[in-house]
Structure formats: C-alpha cells, structure tokens
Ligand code: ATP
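Here's a solo chain for you in structure tokens, the form predicted alone.
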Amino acid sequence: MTEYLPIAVLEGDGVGPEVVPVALDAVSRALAGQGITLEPKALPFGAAAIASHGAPIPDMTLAALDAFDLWVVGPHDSASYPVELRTPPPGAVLRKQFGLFANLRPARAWAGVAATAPDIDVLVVRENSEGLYADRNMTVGSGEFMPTPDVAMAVGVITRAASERIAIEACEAARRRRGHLTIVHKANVLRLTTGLFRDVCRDVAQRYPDVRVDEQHVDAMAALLVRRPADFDVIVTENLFGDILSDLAGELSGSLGLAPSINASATTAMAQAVHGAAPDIAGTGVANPVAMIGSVAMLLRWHGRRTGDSRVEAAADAVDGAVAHVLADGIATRDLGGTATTGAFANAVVAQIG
C-alpha cells in the first residue's frame, strides 16, 4: 500500500515558481527512496492570487492550509502589489494566523563554495511573533504609527510566554547539535524588553544542564560572527536581532541563496527560504535553488522528528547530502560563481539522490 505525505504548496512571486518546483522534485525523489509518495497541493498565493482571487492570500487558501501540517511557501514580492494590498504582507498573515512562532535559520559553509567564514556552522533560533516588527506585535492595528507628520513611533513587545517557548526550542536544538547555546540581547540599553528576554532564556536553560550557555550583546555578536564564527552553535534571540544576524550568517556562509529556513509552531511548519523574490532575475533561469531545497529538507526533518518517522528524516539527510555532493563537484549557479541554470543544478541534485 502506497503511503502519501501531503504538503501544501504556495509558489509565490519572482523566482518562487522556479525554485519551489525543483525543490519539490528533489524531496519527492528522496521520499520515494523511503517508500513515501509526496502529495503536493497547490494553493493560490501572491501576485497570481491577486489576479485570480483579488487578494495575495485568498480566504480559500487560508481555509485549505488548516488541513495541512506541512507547507512549502515561495517568496513574496509585496512591494509590487497594489498599495491597498501590501499590508499586512502575506508572510505576516501566515505567521500570525497559524502561530508560527519559531523561525529556524541555519547557516553553514559548503565544500566547493567560497565562503567569507569557511568554518561557520550555526543555527539562529529567532522568536517570530513579537518584538519591534510592526506586522506581528499588535492584535489590532499596527505597532508602528505617526502621532504627527514629523514623529514616527514603534511599539516593541517582549513577553515571558513567547520568550520561554522560543528558549525551549533553542535548548532542544542545542541538544541535537553541539550542546552550546548563546543568548543574544541588548539588555545594557533595552533593559526591560530584551532584559526580560535574556532572563527568561537563562531560566529555561537551567533545565538543560547538558547545554553550555553564554550570552552576547547583539552588536558584539555581529562582530564575533565575522571574527570567529566557529565559536558558536545555536543562537537564540528576539525577532529583529534574529533577522539581521541570520542574514549576516547566510552571507558569511557564501550567499543568501544558500540560506534555508522554516517557520514552525508545535503542530505546523512552513518551509520558506531566507532570500526574497528577486524579481530582477525572475524568469531567467539563474536563481539559486539551494536555499529552497534546504528549506524543504528542514521541513521533512522537522516532520520526521515530530512524528518519530525515521524514514522522513532519512529522506531529508539524502537531500542535504546530494546538495553537498553537487556543490563539492563544482556545479553552482551564477551567484556562487558558477554557470549552472536553476534546472541544471536541481537535476544534478535529483540524479545524485537517485
């Protein structure tokens, strides 16, 4: 009897329709090797959904997502949408409505890729539901506002509950990796907000005596990632700091085109690469699919770990191993100094898995 793994697919804008399908091809081949058939369900999303349904995330898409634990989401180019449809951005809608509080962003150097930091191998665990981001820190309205035409203000929100749950995610991840957690904050200036975040993370870490814990101010952390990235393993931080540090780590590893990511709750996860829609290269066939392929592999690993299905985790390992092999062989897209097209790179990965 054939076993199926259903996944919701939202291709998105720009290079999304190029990198999402090839990522699905790779994981489909890997799952097939474990006796599992990928069952993707395409749903309207982004500019195409505006054209067909009048909204970047139609109600039918939100309703359909309820039936899926796993989603693959391409980048969105909300800056190109009609002004009245730009806010809230689609990603914010998905995170808020489905409680995707944990953004997991690994960055590692790859053999065959010129990296600014060839010894980097870190995981940034970013709190994804509050902080200074105006699209996710208020129940109603925006956390950013202008009381007068010459004054702009923003509300930053840090709660004990959100800090605790992301600290647990980070400690569990550190246990699975090299057992080292770094808490990043700015409590010397933002004493009440990031001070609360730091203190809650410290308290949670005491439950994990097998995890070595230290902490850094965010500005020092940025410098240390450049100077000695091998000193760090798992980095846990609030929303804005996590966004900045993970982008830095991705570039240090060689390119944002290599940077995968998942957004997760306790029951649902979506794969979405760190990079944007890159409309300037959309349709040219040169987009780097590594980040999207890696994101879907992360999604499989998250699902396999949550369900205890070692076959799904093995499929994720097969995908990551194939990407590493292809890059080490010198096959790369233009952003990495290579000449391979999106399709040619993906075909090489699929062939390696097979």
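Note that residue numbering follows the sequence shown and begins at 1. Everything quoted here is computed from the prediction, not taken from an experiment.
Below: the form predicted together with the ligand, not depicted.
By the criterion of a heavy atom within 4.5 Å, Ala287 is counted among the residues contacting the ligand in the predicted complex. Heavy atoms of Asp210 never reach within 4.5 Å of the ligand in the predicted complex, leaving it off the interface.
For Gly276, a non-hydrogen atom is located within 4.5 Å of the ligand in the predicted complex, even though that partner is not displayed.
By the criterion of a heavy atom within 4.5 Å, Asp119 is excluded from the residues contacting the ligand in the predicted complex.
Checking Pro229, Gly242, Gly91, Gly257 for any heavy atom within 4.5 Å of the ligand in the predicted complex turns up a single hit: Gly257. Note on the partner interface in the predicted complex: the residue among Leu85, Ala187, Ile281, Leu224 having a heavy atom within 4.5 angstroms of the ligand is Ile281. Of the candidate stretches 137-145, 231-239, 106-114, 249-257, only 249-257 contains residues with a heavy atom within 4.5 Å of the ligand in the predicted complex. For the stretch 329-353, the set of residues having any non-hydrogen atom within 4.5 angstroms of the ligand in the predicted complex comprises only Asp335.
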